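Presented below, as structure tokens, is a lone chain in the form predicted alone.
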Amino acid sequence: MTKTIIIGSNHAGIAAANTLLDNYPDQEVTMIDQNSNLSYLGCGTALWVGRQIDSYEKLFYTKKEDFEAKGAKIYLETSVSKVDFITKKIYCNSLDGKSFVEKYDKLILATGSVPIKPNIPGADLENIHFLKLFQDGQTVDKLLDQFDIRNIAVIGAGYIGVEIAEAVKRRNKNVLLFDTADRSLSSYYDKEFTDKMDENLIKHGIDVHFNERAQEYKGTDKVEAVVTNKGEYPVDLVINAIGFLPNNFLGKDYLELFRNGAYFVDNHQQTSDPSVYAVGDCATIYSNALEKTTYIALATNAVRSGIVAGHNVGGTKLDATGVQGSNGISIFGLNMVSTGMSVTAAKKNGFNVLYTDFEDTQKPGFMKENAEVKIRIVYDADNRRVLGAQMCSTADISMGIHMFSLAIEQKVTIDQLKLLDIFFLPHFNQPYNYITMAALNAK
């Protein structure tokens, strides 16, 4: 038997564990996590807090007993203080104060990421919170029930910040959304798209504050105000959504790291130590758009990396195919999806970039239910390779982005999309599909 220990039991760790337990009977699997639960779908926190779903129970898709039934040993509410990579020993501390040591043959690090905490005065005041764990969502949800919690500052207008701003507004609170960038969602979309989201946020009562940096939190015991480079704003609650850093505490002094501190892994998820693998938000990933290793923290990437690591640890060679960073968001009925790089990101990474835009209705004009659609395809001016795509609409256009994800992976050119066989039926789309028209209009 080969003993494999997995530290961390959320999406990446769960995928690795299931892969080993379902396919490799010679594996003795032990899972260790400091949390009291596992498998929480954090992307559903805003839906639950905003009362768009009835409860949080179904945001957990598996439980401890499921793994025990497959033969795994699982320790919850157990922290790991140290890993001795030379002797292959893991030093653990359980919630009841007991300490013990586990020895491994193979180790999978699935320790995820940690929220970025602003290093500013007042950061330790009460009623300043992050949204990472299930317990964080519970705390914020209970605070929003209080009548005296009226003004909420959300720091960071990325995906999590925008989503929780919507959720808090749906609870009939006053929301101030801050970001140092000049627009929301700037890491994923070009300005022509984020302008639509910003208008949408303002239309629904979100007080947006772009080009503003939080410099201080004021208050006696609880936070009472946010001070930025442009002013001071009274608040009752602050939700920090600045971003995340890879949780590399256990291996940062031993394993090779990426520039942001993530564990550097190969296409088998193997670290610089052949006995140690890293998956999910604590590890690097290969971008097919960039054509190089990078860091993209997404739950979908975490699951795929866990599967790859599980098979390689189990003895089946499986190469990761790379990712495109495909993502989506839906706020007050406005749907936006993207994959690969925006024009802004492509230029930042040194590409000679071109793009093609097209706007039309989703269906023919005679259809009663219809919606406007905007699409942008980003491509390399030198070799014509598709680098990215963005779409937005009040209609559900989300499935279309998967085609562009595959196009990036397979190095499809913009010219190959021009006469792509796309079906037509008035119930779904136009005879001159917006994807076709955008490609045909490419320079």
Ligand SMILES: NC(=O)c1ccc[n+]([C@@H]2O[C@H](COP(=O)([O-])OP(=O)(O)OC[C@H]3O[C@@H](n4cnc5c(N)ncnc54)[C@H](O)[C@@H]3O)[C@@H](O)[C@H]2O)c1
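These numbers were taken from a predicted model, which means no experiment stands behind them. Position 1 is the first residue in the sequence shown; the rest follow in order.
Beyond what is shown, the protein has a form predicted in complex with the ligand; the following relates to that form.
Interface residue among G243, G333, P364, P121, judged by heavy atoms within 4.5 Å of the ligand in the model of the complex: G243. Note on the partner interface in the model of the complex: the residue among G314, G158, G219, G322 having a heavy atom within 4.5 angstroms of the ligand is G158. Taking non-hydrogen atoms only, E166 never approaches the ligand to within 4.5 angstroms in the model of the complex. Heavy atoms of A297 reach within 4.5 Å of the ligand in the model of the complex, making it an interface residue. The ligand is not drawn, but in the model of the complex it has a heavy atom within 4.5 Å of R213. Interface residue remark: T180 is counted as part of the site for the ligand in the model of the complex, having a heavy atom within 4.5 Å. Checking 225-233, 94-102, 149-157, 365-373 against the ligand in the model of the complex, the stretch whose residues place heavy atoms within 4.5 Å of it is 149-157.
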